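Single chain ahead, by itself, as C-alpha cells, in the form predicted on its own.
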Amino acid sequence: MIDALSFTFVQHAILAGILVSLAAGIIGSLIVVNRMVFLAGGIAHTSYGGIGLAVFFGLPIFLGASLFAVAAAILVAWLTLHQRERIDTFIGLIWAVGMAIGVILVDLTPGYNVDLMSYLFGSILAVETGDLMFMGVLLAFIVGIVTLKYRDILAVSYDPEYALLRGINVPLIYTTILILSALTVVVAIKVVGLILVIALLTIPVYIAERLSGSLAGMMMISGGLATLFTLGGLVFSYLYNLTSGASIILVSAAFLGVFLVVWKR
C-alpha cells in the first residue's frame, strides 16, 4: 500500500476522499436535522439529468451535474418552503424526471457510450486536478457559510417558526441549505456514486449524533468519521481489488454495526 502512494491518481483519490468527507459531514448533519435524508438520493439521481446535459452539449460533467442539481434544489425549495411535509413527494418527482432527462440526452448523443457504472458506484481513482480544485473551493464555501450563519442555520433547522419571529430570512437560509446539499451530493457522486451517496451522508452523522450534544459537534465528528471511513475503504479496495465506492460504504456499515453493539446509551 505504501508503494501505491507514489502514484498521482492515488494521491488525488486520498485528497478527494478527505475533501468530500469533510463536506459530507457538515452537510449530512444539516440533512439529518432537517429531516431531508431522501433529498440526498433525490438530488443524486436528479443530477444524472445534468450528466446527460453535459454529455449532449460537450460540457464538463461536474459543471452540468452541478447546474442541474442546483436548479433542482432551488425548485424543491420553492415547492416545499411552505409545504415541508410534502418534500418527499416533490423529490420523488424530480428524481424520476431528472433520471429520464439524463437517459434521453445520452441516447440522443451520437457516438457516445457513457460509462454508467462510474456514476452509479463512483470513480474516485479517476479524480483529476480540476475536480480537486472544485472540491476544495466547495468545502471552503461550505465552511464559510456555516461559520458565518451558524446561529441562523441552527434556528431554521430546529424551529423555523421561531427563526421567522426572530427576523431571520428563513426562505434564504432554507434554500441555501438545499443548494449546498445539492453541490455536496454532486461531488460525493465522484467518490461513492449515485446509488451509495445517501450512506456516505448519513452513516457518519448517525454515529456522531449519539456522540455529540450540539450541531457543531455533530458536524465535526461526522466529518472525521466520514474521512476515516473513506480512507479505510480505499485501503480495503486496494488490498482486495474491489470497487472503491462500495468498499467505502461497507467499511462505514461495518463500523456502524460495531458501534450499535458497543454503544448502549
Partner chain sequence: MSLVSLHNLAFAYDTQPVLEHVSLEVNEHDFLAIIGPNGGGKSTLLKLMLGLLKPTQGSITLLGTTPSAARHDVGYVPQNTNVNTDFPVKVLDVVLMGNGAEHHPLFGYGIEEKACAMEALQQVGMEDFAARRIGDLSGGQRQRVMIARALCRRPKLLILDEPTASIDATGQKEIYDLLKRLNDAITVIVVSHDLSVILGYANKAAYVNRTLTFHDISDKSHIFHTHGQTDDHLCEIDILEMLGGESCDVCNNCDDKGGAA
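Positions refer to the first chain, counted from 1. Given the structure is predicted, the values throughout are model-derived calculations rather than measurements.
If you look for the form predicted in complex with its partner chain, you will not find it shown, but the lines that follow are about it.
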Query raised in the report: in the model of the complex, does Y158 have a heavy atom within 4.5 Å of its partner chain?
Result: yes
Requested in this report: Indicate whether its partner chain has at least one heavy atom within 4.5 Å of a heavy atom of D152 in the model of the complex.
Outcome: yes
Query raised in the report: So in the model of the complex, does P110 come within 4.5 Å of its partner chain, heavy atom to heavy atom?
Result: no
Query raised in the report: For I142, is any heavy atom within 4.5 Å of its partner chain in the model of the complex, or not?
Result: no
Report summary line: Only hit among I221, A199, L215, I61 for heavy atom within 4.5 Å of its partner chain in the model of the complex is L215
**Report entry** Proximity to its partner chain in the model of the complex (heavy atom, within 4.5 Å), stretch among 93 to 101, 72 to 80, 190 to 198, 143 to 151
**Finding:** 143 to 151
